[in-house]
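Before any questions on how it binds or moves, here is one chain, the form predicted on its own, in structure tokens.
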């Protein structure tokens, strides 16, 4: 769907800042892909190149059937952007327009909205949980509500791709979880491809299938979420992982790795007392070294099992828990 090949971008300022330095990456269909890095890593620049908000100096970017985005004419750029929705860090709502008018903005830039457009905008309001807010103004909404309006606006043209640039960085923890779950649900319902830029590993852990780590204009690591969480190689990646309290290498150093099992489980087993049942039935000694359950009820756990590991593995797998050895 998206191919970035040997792309470089330098800002023509006093420092001649190199934002991207010969990077290559592919974004496949059907995934929520996270791009994480500290400020200045180049992550926001990358997605701004994908929707032609900025151009690049060398290399090539292909999005859908459009090749070499630098050479797109005005009409092709307009058609490309119609297929891409943007969710920003700030909601970018116009204060003098109502909620429904803000959602319809991407349409009104090019033509007068039809009754069907208004109906679709109202249906999107329902999907984001703001059915009764159609005629309110941004000043009458909370931060989380304004971001929900921004999400609805990003969907008004029925895009194939959604680009999210730090969409939760201005929100509190509870609202962040709600917005991320909303994006995930909408991506599934509307068959959207999503690229989300963030500096927060908690965001990556909650929503992403695949992850790219950037540093100083370079891609330093890329892979599935499991690859990044449990097989991190680059120092910057390990720093991000420590932010969420998961440092598998440190856990291994602090324990006998031969006694450690890595457990992954989903919503169907979160509410069950699986570990307690296992201890009672197998009569074993065990300890939980690390555990975390995300707001969407996906869980990971590191379990220390000094003996009877095979029995433990069979028991857990019978209860729909994915079990792996940490080494």
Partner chain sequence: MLFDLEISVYLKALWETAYMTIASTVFVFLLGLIWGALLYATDQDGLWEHPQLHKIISILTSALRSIPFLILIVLLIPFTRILVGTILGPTAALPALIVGATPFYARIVEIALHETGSDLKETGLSFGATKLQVLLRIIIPESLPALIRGITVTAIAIAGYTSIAGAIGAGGLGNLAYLYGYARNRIFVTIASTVLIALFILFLQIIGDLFVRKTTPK
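Residue numbers count along the first chain shown, from 1. No experiment lies behind these values; they were computed from the predicted model shown.
Although not depicted, the form predicted together with the partner chain is the subject of the following passage.
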* Sole residue of 171, 86, 192, 251 within 4.5 Å of the partner chain in the predicted complex, by heavy atom -> 86
* Would you kindly say which of 126, 231, 92, 188 lies with a heavy atom within 4.5 Å of the partner chain in the predicted complex? => 92
* Using heavy atoms and a 4.5 Å limit, would one call residue 51 a contact residue for the partner chain in the predicted complex? -> yes
* Would residue 105 sit within 4.5 Å of the partner chain in the predicted complex, counting heavy atoms only? -> yes
* Asked: Is the gap between residue 78 and the partner chain in the predicted complex 4.5 Å or less for some heavy atom pair?
  -> yes
* So, in the predicted complex, is residue 140 in contact with the partner chain at a 4.5 angstroms heavy atom limit? -> yes
* Structure fact -> Within 4.5 Å of the partner chain in the predicted complex, heavy atom basis, the matching stretch of 179-187, 219-227, 105-113, 200-208 is 105-113
* To do: Go through 140-160 residue by residue and record those having a heavy atom within 4.5 Å of the partner chain in the predicted complex; state none if no residue qualifies.
  => 140, 153, 157
